[in-house]
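Shown here is one chain on its own, the form predicted on its own, set out as structure tokens.
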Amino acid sequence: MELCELTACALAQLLAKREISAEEITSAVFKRIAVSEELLHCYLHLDHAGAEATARAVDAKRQSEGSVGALAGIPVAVMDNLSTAGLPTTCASKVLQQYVPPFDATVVAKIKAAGLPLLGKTNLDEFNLGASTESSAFGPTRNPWRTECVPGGSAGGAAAAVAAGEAIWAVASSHLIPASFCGVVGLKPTYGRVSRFGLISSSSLDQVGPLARDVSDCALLLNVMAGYDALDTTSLNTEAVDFSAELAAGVKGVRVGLPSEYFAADADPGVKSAVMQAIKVLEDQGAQVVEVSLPHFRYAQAAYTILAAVEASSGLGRYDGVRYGYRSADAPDTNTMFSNTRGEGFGAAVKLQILLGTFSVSTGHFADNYLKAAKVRTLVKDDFARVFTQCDILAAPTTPSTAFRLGERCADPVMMSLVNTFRAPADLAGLPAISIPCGLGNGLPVGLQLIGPAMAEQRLLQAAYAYEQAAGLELSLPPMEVR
């Protein structure tokens, strides 16, 4: 196994023993990128010079017995909707194609402070609006498990990069679906656990979290990212937690709730089978499995779609060609400039969201659309609050299906939006959730989703780790065609 295919934990041990260097790890990752990137298209921008300089600096400090963190020198990829000083941040949109931020997002500043070389910026659905990474203005990312399939979205580039060895781990948002489709671990923290400062988002539903090859790595990266940030008004000022400290606590006596609505929903038989087998593994480890109900589950995906579209319609109004971003050259007057700039700058998927969002809050439709969606959000939160008096965590599929073929759903936005069916409830409620690989369906990865009450990331990580260890699954790697 090559260095770029090892976990961060394994690499940290080798670094501590000085059996390898940070520069060797970074070089190995860039070599893999050179081999597979033309096929996969995980990245929109690479920073060879910056990553290599950081790796060399870490090695020099480690050699001179200077104080350096255990994770220093392990390279990371960052989704291209997080601001990076001196590097383009485009949100995969023509509108921001030339934008280079003057500052780092808080999570980017934290990974830099920890000494993690920043490999580059990964592909996504334009402005995070999508579920397949096909709406990127710069072309889709391919799934390394089967390159005619999508990697999921919005963070498809980041998940595909981790799966293919083009990154050791990654920082992203809207990343549970890609984690499931690409066979990696993704954790969405409680809303406010990780700073959103510097996240260019079209929706307040977005939350930044780690993507990694296994649960231990996920916990380590969350340690780097989490914490209060005065620059973010949504940040939670809570006591610091070492998420990797008690990973092996096990699940004996943990009540695992099975929400009947998830399993009654239309999902691939292979997905349901793999998830039920994973739940049986947890039960064999001492977990108590109980059936619970989330009555308003069936409305969650529609409410999510409306709320996200309304926020996109409002938030994307700033991209008008006046202050920054793309401006149409064909603009004889101000109104034409506004119209042409937005018409030429935004892709079809973003335009659809803007139209849907504008319609949902327009006169005569506000009460029937936006207001009802907001009420559903409250009902979904209440459902979760009730079931977490009956159980400690919930277990369900991450997605209704495995990865679908590129282009298969592009012409059908309703079918595309259904990919979010199992993700939407936890997003609406701002709750933590983790997706972990639990086998294959039709040769493609299946994700087990665990959802917890607010601030229960450690509980989720412990359960995920217990499953990972008991299942005895070897580190999942995609076919050799991309390696």
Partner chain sequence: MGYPEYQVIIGLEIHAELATESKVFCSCPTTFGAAPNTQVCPICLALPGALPVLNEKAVELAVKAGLALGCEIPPFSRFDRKHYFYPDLPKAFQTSQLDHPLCRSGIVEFRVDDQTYQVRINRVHLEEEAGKSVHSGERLQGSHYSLMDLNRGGLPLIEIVTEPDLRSGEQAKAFLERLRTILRYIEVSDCKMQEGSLRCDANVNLSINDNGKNVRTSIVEIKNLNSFRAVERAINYEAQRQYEDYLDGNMSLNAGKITAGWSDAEGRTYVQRQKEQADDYFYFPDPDLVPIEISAEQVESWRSQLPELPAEREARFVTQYGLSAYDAGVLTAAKGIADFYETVVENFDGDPKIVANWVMGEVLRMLKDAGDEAEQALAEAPLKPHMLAELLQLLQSGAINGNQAKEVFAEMWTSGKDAAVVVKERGFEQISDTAAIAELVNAVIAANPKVIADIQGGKTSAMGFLVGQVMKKTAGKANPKLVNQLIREQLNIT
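Residue numbers count along the first chain shown, from 1. Only a predicted model underlies this, so the values are computations on that prediction, with no experimental measurement involved.
Although it is not shown, the form predicted in complex with the partner chain is what the next lines describe.
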### Query
Taking heavy atoms and a 4.5 Å cut-off, does Arg323 contact the partner chain in the predicted complex?
yes
### Query
Contact between Leu96 and the partner chain in the predicted complex at 4.5 Å, heavy atoms?
yes
### Query
So, in the predicted complex, is Arg405 in contact with the partner chain at a 4.5 angstroms heavy atom limit?
no
### Message
Considering non-hydrogen atoms and a 4.5 Å limit, does the partner chain approach Leu231 in the predicted complex?
### Response
yes
### Message
Please pick out the stretch from 147-155, 309-317, 251-259, 208-216 that is in contact with the partner chain in the predicted complex, where contact means heavy atoms within 4.5 Å.
### Response
309-317
### Message
Using a 4.5 Å heavy atom cut-off, which residue among Asp266, Glu239, Asp284, Asp333 comes into contact with the partner chain in the predicted complex?
### Response
Asp333
### Message
Just to be sure I understand the contacts: of Val292, Val376, Ile200, Leu356, which is the one whose heavy atoms reach within 4.5 angstroms of the partner chain in the predicted complex?
### Response
Ile200
### Message
Under the 4.5 Å heavy atom criterion, name the residues of 354-388 that approach the partner chain in the predicted complex, in sequence order.
### Response
Thr358, Val361, Ser362, Thr363, Phe366, Tyr370
